[in-house]
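A single chain, nothing else alongside it, follows as structure tokens in the form predicted on its own.
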Amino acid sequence: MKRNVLIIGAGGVAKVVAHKCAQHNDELGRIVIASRSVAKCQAIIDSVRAKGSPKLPAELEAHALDALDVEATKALIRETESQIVINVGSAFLNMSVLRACIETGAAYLDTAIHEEPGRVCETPPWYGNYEWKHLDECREKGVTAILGAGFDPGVVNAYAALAAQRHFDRIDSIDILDVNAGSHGKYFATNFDPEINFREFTGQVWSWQNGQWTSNAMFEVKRSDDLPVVGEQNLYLTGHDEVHSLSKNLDVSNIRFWMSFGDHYINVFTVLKNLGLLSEQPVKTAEGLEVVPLKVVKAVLPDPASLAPGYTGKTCIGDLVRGSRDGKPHEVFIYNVADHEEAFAETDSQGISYTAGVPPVAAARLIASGQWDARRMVNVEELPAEPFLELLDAMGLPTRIRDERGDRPWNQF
């Protein structure tokens, strides 16, 4: 049984992870939070204590760490006797933190695919460019590494696995629909790290169609869906992490990711992009200073964690799956609805951080119990889906299913 959790990162998602780990510290043990800013780590600990989240008298520690420094990360893992590392820092850290876990034997969890600062929207499959190069090493050393254990990627991967195992004889298409129908009241802001957010949309949009990779431009392909609770929404074809692993691990010809955007977001994004302000490549100012335009935009936008107070509305994220069962056409929508105000009341965080932060803690609990201690590198769809969804039901992210029989909890037949 693995115990003691090191959380890397101190943003909104890390705050949710810390609260949820504290709520289950009878299983997970000591909780350590580490980032470049020890003050941000301590602020999360203060929030955890103020909300009364710890189930047992809590061992909570804040540490300063440059997680790009593999030796420093290894030293902290050993010093704190952390057997599970939840990486919710920048996606630029993944390979460094993974390396530290491989060399110390700690289980590794993340919520997003690795990115290199100077590269945007690389050629698929993204996992194959970085993480999957360490498949053999993790297996040989018996190191558990669970990739993309947030909501999307993560929970939606489990939804796809559930659909394949329980609801279909053959799946023709999986459309992952991600809607935030909430309002933060700001003129313009992103719900997570602006740098990572914009990088998803400035290059090519890759989807898996007719058994091959297909490229489109951002906002080129649009659809509308009438979804539970949030109603009619416009969604746009977008490249996303889970498409890359699902296309490898499931025998499905069409896998696409769609995200909702309002007209205002699209207009502001388009202006910033056309002006070159979303470029990841450095430029020189008239004064000779070298700056990265995207980092400047990030610096002037609101911190996503600051959006939580006063954020209203709901999210709806799920998998629309089509195929056949018993020789007949079949369609299901497996989904979750989360509430921004409820997330803030529990964890001082907005709903996007909540949906991303709860699942890796559920995954950590399954590693701790041994059910997901795979001793190899896996994506979520390669693991048993039902124990994961059962924990999420109890931890604040209940799953529902809508099909020809109506709308009901996922485990009601």
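Note that this is a predicted model, so its numbers are computed, not measured. So that there is no doubt, residue numbering starts at 1 and follows the sequence shown.
We do not show the form predicted in complex with another copy of the chain, though everything after this point is about it.
Q. Which of I196, V271, V229, A217 has a heavy atom within 4.5 Å of another copy of the chain in the predicted bound form?
A. If I apply the 4.5 Å criterion carefully, the residue I get is V271.
Q: Identify, from the list R375, R49, K55, R36, the residue with a heavy atom within 4.5 Å of another copy of the chain in the predicted bound form.
A: After the contact test, the surviving option is R36.
Q. Should W213 be counted as a contact of another copy of the chain in the predicted bound form, where contact means heavy atoms within 4.5 Å?
A. Heavy-atom contact with another copy of the chain at 4.5 Å: absent for W213.
Q) Does any heavy atom of P293 come within 4.5 Å of a heavy atom of another copy of the chain in the predicted bound form? A) The answer is yes: P293 has a heavy atom within 4.5 Å of another copy of the chain.
Q. Is the gap between V221 and another copy of the chain in the predicted bound form 4.5 Å or less for some heavy atom pair?
A. Looking in the predicted bound form, residue contacts with another copy of the chain do not include V221, since no heavy atom lies within 4.5 Å.
Q.
Is N267 near another copy of the chain? Define near as a heavy atom within 4.5 Å, in the predicted bound form.
A. Yes, N267 lies within 4.5 Å of another copy of the chain in the predicted bound form.
(Q) Only one of 323-331, 185-193, 238-246, 142-150 has heavy atoms within 4.5 Å of another copy of the chain in the predicted bound form; I'd like to know which. (A) Stretch with heavy atoms near the partner: 185-193.
Q | Interface residues of 271-289 toward another copy of the chain, as seen in the predicted bound form [heavy atoms, 4.5 Å] | A | V271, L272, N274, L275, G276, L277, V283, K284, T285, A286, E287, L289 sit within 4.5 Å of the partner.
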